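Next comes just one chain, in structure tokens: the form predicted alone.
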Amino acid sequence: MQIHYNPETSVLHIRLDGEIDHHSSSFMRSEIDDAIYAYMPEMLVLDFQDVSFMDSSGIGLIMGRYKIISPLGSDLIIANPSPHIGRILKLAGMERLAKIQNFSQKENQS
């Protein structure tokens, strides 16, 4: 997992990787929450480009982070989910909580 904060734009970009399941999600939650409280971003981007698998723990991960940033007036973006994970997100209704976007490869590498 890579965490990048841009103070000029108040964007916290977190690039998740690997599998998001019961075991990995607790570590991810802790790291993401620490970064949110440290930077208090106006926008949180959870980048799923390198996520190969996600179960319901991933939905819980997203919902929990939404509950933290929403009272701050911050926006949540779920970026670059694979088609399979994108379908899971849509079935779970995540579009009501966050924008789901795909960015170009060039933008993700900056």
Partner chain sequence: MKILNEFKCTFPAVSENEAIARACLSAFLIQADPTIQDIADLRTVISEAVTNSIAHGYRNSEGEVSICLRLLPEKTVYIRVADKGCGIEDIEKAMQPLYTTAPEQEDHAGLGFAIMTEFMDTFHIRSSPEHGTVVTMRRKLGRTDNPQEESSDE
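From a predicted model like this one, the values you see are computed outputs, not experimental measurements. Numbering follows the first chain given and starts at 1.
Not on display, but discussed next: the form predicted together with the partner chain.
At a distance threshold of 4.5 angstroms between non-hydrogen atoms, Glu95 is out of contact with the partner chain in the predicted complex.
In the predicted complex, at least one heavy atom of Met54 sits within 4.5 Å of the partner chain. Taking non-hydrogen atoms only, Glu19 approaches the partner chain to within 4.5 angstroms in the predicted complex. Among residues of the shown chain, Val11 is not one whose heavy atoms approach the partner chain to within 4.5 Å in the predicted complex.
Scanning 69 to 97 for heavy atoms within 4.5 Å of the partner chain in the predicted complex gives His84, Arg87, Ile88, Leu91, Ala92 in sequence order.
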